[in-house]
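Single chain ahead, written as structure tokens, the form predicted alone.
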Amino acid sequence: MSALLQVPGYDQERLRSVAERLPCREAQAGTLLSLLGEPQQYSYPSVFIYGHRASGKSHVVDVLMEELELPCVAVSCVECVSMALLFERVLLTFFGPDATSLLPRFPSMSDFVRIYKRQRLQSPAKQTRYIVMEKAELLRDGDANLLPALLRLQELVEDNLTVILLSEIVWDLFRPNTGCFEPLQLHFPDYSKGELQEILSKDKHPSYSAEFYSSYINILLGVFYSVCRDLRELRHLAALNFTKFCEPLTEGKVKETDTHKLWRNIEPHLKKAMQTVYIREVSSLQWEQMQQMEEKESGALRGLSAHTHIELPYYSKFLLIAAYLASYNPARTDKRFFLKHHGKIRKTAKFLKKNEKTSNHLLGPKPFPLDRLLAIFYSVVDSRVAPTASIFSQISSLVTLQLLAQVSHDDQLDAPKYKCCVSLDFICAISRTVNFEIVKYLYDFV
């Protein structure tokens, strides 16, 4: 493996250590080192590394900088919400606190370049300095001159400096309309199933053999690989379900080689865990407690999905209930459900014959305007609520959580339309938490 990292100018023992810490990413590490060149040489001004989440971008760069002892400052664009924080972090790492004290209160790029040039004369670089920008896609929302300046920062500060941008999106979505310096691009592909098997198998439990844990990972990937290829999420799932996988073994019912019985024991639990992939509404301890409670209970199976246990603000629950009623009830039935003197809903034989194949729940949710949602909300909520900004912000939160979907255009501000995206079981679970019998208000069940 270390043969892929034989780059001139670097110690072979350190390169071998890098290869051991980067399983299945030796090729990308070798390519990156080739692009950066020897430490004492001038490197390319900027390198753009892109790939999906958990594809090893940050890990590879961090390991290279740590093992090869390269002067580096790692900057998260999530944390550095302003240029002042970015400039302060860079100057503090490379030149110390005295350099940061020279920054004005609201520094510009020209202030940073001026101070950097002055400091690098006092502390010249013996080898290439690196600035690693994580979540670089957030730079597009910053000042218009920030990204073009970072791409050619080496030229501006006249120093052996390279900026490495890490992003989950391609460079075409970065390129400004006015043009800019083009960085070198390096793509990190997703891990293959075999690579995930190799990486996850290294986390074997000390009480069990490597072959046993590898067979468990093989079973886990057989279930989750088609829906999830995120290494961090798969590692979390592997640690979460391994105790359940070993239960028949610890009880003495099966042997390590009896893969079929172990699979039959873990299969239903993996299917339940699939409902919460990427969603962490419950902690690992709470998940295990929920599984233990289900095993003790008899009768109907309680919903293990974290979706049925999602916590929402009080009025958000009623907004979601109102949205579900607006999506699945015809608009003409609102006055019968929510007015006092409405009479009875009569479904004549002629009407039933005409609509017997058009159940609203079979046809799916219908879009509804905002004013209808609020009218139903004020009818079902058990207290008087003023139409404040808080109510409208909770509607936006439900859209962000993908419990509601906005079906109108963003520029349609006067009458936006929405659609409810939750299932009947989900809304029934939400209704029970606020003691609201939603079935009595659904037209299909009248």
Partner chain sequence: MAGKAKVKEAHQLTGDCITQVQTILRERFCRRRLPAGLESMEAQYKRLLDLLKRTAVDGESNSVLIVGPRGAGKTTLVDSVLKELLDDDRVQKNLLQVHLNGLLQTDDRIALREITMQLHLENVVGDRVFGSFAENLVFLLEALKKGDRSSSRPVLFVLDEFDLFTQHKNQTLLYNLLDVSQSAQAPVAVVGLTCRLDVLELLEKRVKSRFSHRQIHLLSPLGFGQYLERVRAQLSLPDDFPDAPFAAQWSASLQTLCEDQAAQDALRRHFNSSRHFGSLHMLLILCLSRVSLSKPFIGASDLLDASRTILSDSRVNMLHGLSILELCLLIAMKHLNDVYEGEPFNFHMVHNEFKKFLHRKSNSMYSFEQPVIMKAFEHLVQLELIRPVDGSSARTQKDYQLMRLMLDQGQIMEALQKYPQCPTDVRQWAMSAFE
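Note that the coordinates shown come from a computational prediction; the quantities given were computed from them, not determined experimentally. For the two forms, the rigid core is made up of the largest set of C-alpha atoms that agree within 1.5 Å on superposition. Residue numbers count along the first chain shown, from 1.
The next section is about a form of this same protein that is not shown, the form predicted together with its partner chain.
In the model of the complex, His361 touching its partner chain (heavy atom, 4.5 Å): Result yes; His361 sits at the interface with its partner chain in the model of the complex.
Any non-hydrogen atom of Pro416 within 4.5 angstroms of its partner chain in the model of the complex: Because no heavy atom of Pro416 falls inside 4.5 Å of its partner chain in the model of the complex, the answer is no.
Its partner chain contact at Asn329 in the model of the complex, heavy atom, 4.5 Å: Asn329: no, not in contact with its partner chain in the model of the complex.
Contact of Tyr225 with its partner chain in the model of the complex (heavy atom, 4.5 Å): The answer is yes: Tyr225 has a heavy atom within 4.5 Å of its partner chain.
Heavy atom distance at most 4.5 Å to its partner chain in the model of the complex, all of Gly51, Ser108 and Ala149: Answer is yes for this spot.
The single option of Ile391, Met65, Leu35, Val381 touching its partner chain in the model of the complex, heavy atom within 4.5 Å: None of the other options qualify; the answer is Leu35.
Sole residue of Ser316, Asn265, Asn145, Ser215 within 4.5 Å of its partner chain in the model of the complex, by heavy atom: Result of the distance check: Asn145.
Candidate stretches 371-379, 252-260, 165-173, 206-214, one within 4.5 Å of its partner chain in the model of the complex by heavy atom: In short, 165-173.
Flag for Val399, CA shift 2 Å or larger between the shown form and the other one after aligning core: Indeed, Val399 is displaced by 2 Å or more.
After fitting the core, Arg140 CA displacement of 2 Å or more between the shown form and the other one: No, the C-alpha moves less than 2 Å.
Rigid-core frame, C-alpha of Gly364, shift of 2 angstroms or more between the shown form and the other one: Passes the 2 Å threshold, so yes.
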